[in-house]
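Starting off, we have a lone chain in the form predicted on its own, written out as structure tokens.
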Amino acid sequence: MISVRGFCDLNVFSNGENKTSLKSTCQALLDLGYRTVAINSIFNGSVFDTKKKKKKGEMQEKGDVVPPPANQDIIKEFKGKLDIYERLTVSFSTQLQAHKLSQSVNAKMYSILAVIPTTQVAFQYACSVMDVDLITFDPDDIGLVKCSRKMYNLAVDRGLSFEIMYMPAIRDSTARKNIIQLAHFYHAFGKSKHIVISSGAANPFHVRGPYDVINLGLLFGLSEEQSKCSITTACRFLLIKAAGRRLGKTIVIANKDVNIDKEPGKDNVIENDEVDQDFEEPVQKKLRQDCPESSIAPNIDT
């Protein structure tokens, strides 16, 4: 069941070793008013290209190189306080790496699957073909990928979201320049649709309050409404889309029965014959029945 409460931060960095810093960051986000968090594990897709030379008579290894989620202890510790999800971010440069990622069993265990395209071909493939949830970029190196209006709108139509991280903009001036440039590209090409703002924080000193993040969204070219949606509604849309990718797409239609509290009787039942007659009656005939004869002007032959 997808539960999205309050403000969201869908990028809390985890290196898999320092659990103390990760717990402190989650606690800081809880104190600032966040209720939904995603722990992000970064994986380099170039590992898919490495081939080990096997010796004669040795069986070929078919193990999954993508590590499985490993933060269940933190999820249980904050259960009832924070809704914590597991996120995997994979950098890739070729279609072959993307294909191997789609075949990974461990990658499908993560609640959110994000990609970092490092080439123009990889970016076009991610927008048009890949079954992922989020597209993001390395704030230290965004020059190799050129965003276009066509690719951006294609990704939005497929339900993909784009990410803006504010922590690198606080840490480094070069990264801040790149992030602002990227955010303005999003605004110019797609009017900042499906934008998610996250921290990318590795320690509790890098996180900011939700209303500070909303103000940062104005600097990134978003409107006030878009800034608020980037840490609330857009995150909920992203998580629902991710659940559809993992579990399959379904449609549920719920209708409220207006007669559920009334006793069954003739007043509560509409006969189908009467409804059919009402729809089949000509408009002029119905008008004459509803209006008195005195109100209908007689035809005078001249």
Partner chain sequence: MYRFYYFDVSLELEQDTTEISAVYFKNHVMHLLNILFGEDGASTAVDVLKYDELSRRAILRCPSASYVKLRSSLTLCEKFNNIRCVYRIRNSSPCLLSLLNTSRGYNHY
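Given the structure is predicted, the values throughout are model-derived calculations rather than measurements. Numbering follows the first chain given and starts at 1.
The following text describes the form predicted together with its partner chain, which does not appear among the structures shown.
- Only one of 214-222, 133-141, 92-100, 118-126 lies within 4.5 Å of its partner chain in the predicted complex by heavy atoms, and it is 214-222.
- Though the partner is left out of this view, G159 does not reach within 4.5 Å of its partner chain in the predicted complex, counting heavy atoms only.
- Contact check for N203: a heavy atom falls within 4.5 Å of its partner chain in the predicted complex.
- Of the heavy atoms in A169, some are within 4.5 Å of its partner chain in the predicted complex.
- Within 4.5 Å of some heavy atom of its partner chain in the predicted complex lies at least one heavy atom of L32.
- Distance criterion of 4.5 Å from any heavy atom to its partner chain in the predicted complex singles out R176 from the list K150, R176, K108, H187.
- This chain is displayed alone, yet in the predicted complex one of A183, L113, V207, V145 has a heavy atom within 4.5 Å of its partner chain; that residue is V207.
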